[in-house]
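This document starts with one chain, in the form predicted alone, laid out as structure tokens.
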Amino acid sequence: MLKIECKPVETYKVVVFGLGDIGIGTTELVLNRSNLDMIGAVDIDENKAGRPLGDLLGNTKNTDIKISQTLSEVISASGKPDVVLQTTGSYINQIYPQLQELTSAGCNVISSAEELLYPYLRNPDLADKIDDMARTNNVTVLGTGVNPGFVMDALAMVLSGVCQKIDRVEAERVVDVSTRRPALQRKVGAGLTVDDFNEKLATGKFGHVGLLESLALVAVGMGWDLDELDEVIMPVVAEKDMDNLDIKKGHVTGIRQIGIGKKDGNELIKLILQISAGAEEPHDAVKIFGIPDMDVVINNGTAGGLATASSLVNAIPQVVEAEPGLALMGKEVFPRFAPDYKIKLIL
């Protein structure tokens, strides 16, 4: 007779560092996992520090946690966490001082920073320093999320596991940004004139961050030493007035970014990302050309905010148990659900 044993898994002490939209969504998920003990929340914003965490959550979950302005405040009051979920920025040079603080305190770190997915691409020196800091303090640092972190990189790497030969990889993500948070709408320029879009684009700090990081991670996973990486970013323009979105004909509805990786002139990886208001047929898709071919489509796409929070939280057990150092998705950590209980089947 088959018996089922259901036991709780190990409990981890967690701190969320950064309480913007992603941080709040991550906090709500942590509070709903029985094996996660949230011992603190940190935000450097003076308008948030000192307030009850429930104020930001809409009191959807009972908690007596007060928001701290530094990690040291949390450690003094509640002890050292097993892991810090960092949701404070996209760029390595922006979050590096925080990574120094967190790793020096002996905390594992899982970050939503897009450039941290594969920091060796744009910041090899800082990547080596992060790896050294993590090893010195016996902790692990990981960058992950939904994009980058899953739909245009890790998913392709997982699908490649059943292939005998791979010639080329393509991934496409189409997002109707009108269904997403206002911050993302602003991030892709929805409502701007084309001139304003191009002016912002020229700053180098506009649009989706992480497409080339996804491309580089896929290349590493496939064992391809690319000699050319190109990225093109262009506006998606409204063909008619979009009154329901307050976007005029000829104004920008969002962005279209294309990343291409080549070796000896041959295109091996192509990533296509469109995030625009009113985008038709939202989806995530991965195509692998090889033996066998793979063609996988996620209809309606992967919910960004929910999926990013899930990626951070589900990675906790693997990161805590990983060897010290800078970890990569698809190498030290694989995307998978982390239940708060353990089932054992016994005959």
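These numbers were taken from a predicted model, which means no experiment stands behind them. Start at 1 with the first residue shown and count on from there.
This protein has a second form, the form predicted together with another copy of the chain, left out of what is shown; the following refers to that one.
Among Met234, Leu126, Ala105, Ile166, the residue placing a heavy atom within 4.5 Å of another copy of the chain in the predicted bound form is Ile166. With the partner removed from view, the residue among Thr302, Asn35, Gln69, Thr63 that has a non-hydrogen atom within 4.5 Å of another copy of the chain in the predicted bound form turns out to be Thr302. Among heavy atoms of Leu29, some come within 4.5 Å of another copy of the chain in the predicted bound form. Although the partner is absent here, Ala202 sits far enough away that none of its heavy atoms falls within 4.5 Å of another copy of the chain in the predicted bound form. In the predicted bound form, another copy of the chain sits within 4.5 Å of a heavy atom of Ala307. Although the partner is absent here, Lys270 lies well away from another copy of the chain in the predicted bound form, with no heavy atom inside 4.5 Å.
Within 4.5 Å of another copy of the chain in the predicted bound form, a heavy atom is found for not a single one of Tyr91, Leu192 and Ala279. Looking at 180-188, 246-254, 118-126, 194-202, the stretch with residues near another copy of the chain in the predicted bound form, meaning non-hydrogen atoms within 4.5 angstroms, turns out to be 118-126. With contact defined as any non-hydrogen atom lying within 4.5 angstroms of another copy of the chain in the predicted bound form, the contacting residues in 137-174 are Val146, Phe150, Leu155, Met157, Val158, Leu159, Ser160, Gly161, Val162, Cys163, Gln164, Lys165, Ile166, given in sequence order.
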